[in-house]
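Here you get one chain, nothing else, as structure tokens; it is the form predicted alone.
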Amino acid sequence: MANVFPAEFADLEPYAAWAVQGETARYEKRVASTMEELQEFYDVAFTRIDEALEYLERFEVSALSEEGKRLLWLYCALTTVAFPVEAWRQPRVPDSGPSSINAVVEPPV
């Protein structure tokens, strides 16, 4: 079976479901997740952020392999879950009711 992420990030494979393309999809995954799931993903991914950035910075975005793109999306998801984990302690924005995010323009990756 092929790797989801570059081989040196094989330890992140259990979190492959977080490698979602697009901000809207990442937001939907965040609000559909429990705080325990967000915290677990955050705790694991955050410890590898420096290595992931070092890896990703070696390539132009247009030159990323499929595994590299999924690694980029995984770390975009980390950004999406960081504020709920670090500040709000809940998946949704506090006191925001059923609000949602609709990205009008997104990067082509």
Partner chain sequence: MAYFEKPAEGSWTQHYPELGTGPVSYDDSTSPEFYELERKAIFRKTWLNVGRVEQLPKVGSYFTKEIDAAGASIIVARSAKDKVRAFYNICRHRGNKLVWDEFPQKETRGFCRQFTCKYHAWRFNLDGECTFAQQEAEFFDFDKKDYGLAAVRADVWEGFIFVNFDPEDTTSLQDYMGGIGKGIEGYPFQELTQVHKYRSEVGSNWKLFIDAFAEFYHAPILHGGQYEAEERAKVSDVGYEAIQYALDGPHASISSWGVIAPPKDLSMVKPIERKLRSGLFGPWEAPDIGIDELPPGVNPTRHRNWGINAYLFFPNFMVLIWKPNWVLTYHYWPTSYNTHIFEGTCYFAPPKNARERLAQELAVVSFKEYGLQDANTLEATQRMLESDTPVKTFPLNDQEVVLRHLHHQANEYVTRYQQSQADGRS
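It should be emphasised that the depicted structure is a prediction, and the values quoted were computed from it without experimental measurement. Residue numbers count along the first chain shown, from 1.
One more form of this protein exists, namely the form predicted in complex with its partner chain; it is left out here, but the text below deals with it.
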* To do: Classify Ala17 as contacting or not contacting its partner chain in the predicted complex by the rule of any non-hydrogen atom within 4.5 angstroms, answering yes or no.
  => no
* Asked: Is there a heavy atom of Ala2 lying 4.5 Å or less from a heavy atom of its partner chain in the predicted complex?
  -> no
* Find out whether any non-hydrogen atom of Ala32 is located within 4.5 angstroms of its partner chain in the predicted complex, and reply yes or no. => no
* Closest heavy atom of Val44 to its partner chain in the predicted complex, within 4.5 Å or not? -> no
* Can you name the residues of 70-109 that have a non-hydrogen atom within 4.5 angstroms of its partner chain in the predicted complex? -> Leu72, Tyr75, Cys76, Leu78, Thr79, Thr80, Ala82, Phe83, Glu86, Ala87, Trp88, Val93, Pro94, Asp95, Ser96, Gly97, Pro98, Ser99, Ser100, Ile101, Asn102, Ala103, Val104, Val105, Glu106, Pro107, Val109
